[in-house]
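Take a look at this one chain, the form predicted on its own, written out in structure tokens.
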Amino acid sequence: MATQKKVRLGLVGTGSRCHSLCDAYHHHKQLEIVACCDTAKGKAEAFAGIFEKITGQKGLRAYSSYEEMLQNEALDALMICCDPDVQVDIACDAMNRGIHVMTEVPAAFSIAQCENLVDTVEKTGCKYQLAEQTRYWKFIQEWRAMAERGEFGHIIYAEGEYLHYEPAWDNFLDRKTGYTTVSADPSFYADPAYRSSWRNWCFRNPIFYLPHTLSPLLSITGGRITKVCCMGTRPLSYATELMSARDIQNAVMYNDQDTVFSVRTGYTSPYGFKAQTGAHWYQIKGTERTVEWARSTIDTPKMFTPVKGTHDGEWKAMDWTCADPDMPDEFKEAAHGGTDFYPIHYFVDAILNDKTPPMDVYKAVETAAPAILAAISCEKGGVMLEVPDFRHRK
């Protein structure tokens, strides 16, 4: 019997996100995780040891740099879990070497990075996918099916939020070791041994994380965002001492399907979690039907069906869930209700069967670019900005 082909995967960055993904990815029957790298001293080696204990797989090779790993390994693909402000350069370099790439949210932090990603995919033909998982929640899939059947009528409004407060984030990086420190202690700002991490400067404009909300909404409405403006609180948190962060930002957007969007993000002030989805919340308003997720842990998902031509209608509590009860067993090992497995499932399928992954480079930048321009809009007092069309460039 012929051996089933496997995708040989390398990991770039071995922080907490990588830890949460790899046990699930290990269960993919057509995937072999063969190497990892991290610039922080000893971090990749430590991860390799933890990986062996968790999975039972021996021989995960550890490297101190991306270049060293590529010089010594024959890889089919990379999963990039390092700081997102540098992941585009690594992704494009890898694709120029013929290596397929998956990156984390957000896909990019500038319009130039968006263009670089698109150009590189078009030039090399490599598979690129954004590992955005919320679009695979069961209730989002159901809302998407409802839209495809025309049950919403015309979708006039889409709203969502990602308000994820934590008392302490990994805001500080040890200059000597390269390790991040999770702390709310403001004295780190004045300590010359530390510098602000990417998360610290990113939270100045938390709207950069808009893709986690925009991705599932666009998967339901279709189309792309064409205009965006944004407002936010001051760039100094009221809740987290000395942190140069806006506690909340709200982007108002418009797409080419004549739908208005409102998306808000924030990470530095208590907001209250929702049932099942935690920090995430969504709503779709159509001319024929409205749906929304639970607004709190004591609320339930619900749907409103109007009676045409009257003020009447019915709100109905729904039993929608995040996790799909019928998902394969290997999916259930993944976080976020099993949805973390979907991106790697589709990524491997795209590589082995020459398919376009669901969250391809165009959809990735169509979530990143509105976020980038929203941050610029907020810094300029809320001006309206046009979002470029990356599919039809001159």
Ligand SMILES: NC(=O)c1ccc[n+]([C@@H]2O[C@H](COP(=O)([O-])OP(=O)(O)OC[C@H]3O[C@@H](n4cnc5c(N)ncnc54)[C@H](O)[C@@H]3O)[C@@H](O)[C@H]2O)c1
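Keep in mind that what you see is a predicted model, and the values were worked out from it rather than measured. Just count from 1 along the sequence shown to find any residue number.
In what follows, reference is made to the form predicted in complex with the ligand, a form of this protein that is not presented.
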So which of C22, I372, C378, V12 gets a non-hydrogen atom within 4.5 Å of the ligand in the predicted bound form?
V12
Only one of E104, D174, E159, D76 has a non-hydrogen atom within 4.5 angstroms of the ligand in the predicted bound form; which is it?
E104
Which of 324-332, 40-48, 23-31, 350-358 lies within 4.5 Å of the ligand in the predicted bound form, heavy atoms considered? The stretch 40-48
In the predicted bound form, does R199 have a heavy atom within 4.5 Å of the ligand?
yes
Quick one: does G313 come within 4.5 Å of the ligand in the predicted bound form, counting heavy atoms only?
no
Indicate whether D83 is a 4.5 Å heavy atom neighbour of the ligand in the predicted bound form.
yes
Is there a heavy atom of G178 lying 4.5 Å or less from a heavy atom of the ligand in the predicted bound form?
yes
For the stretch 199-213, return the residues whose heavy atoms include at least one within 4.5 Å of the ligand in the predicted bound form, in the order they occur.
R199, Y209, H212
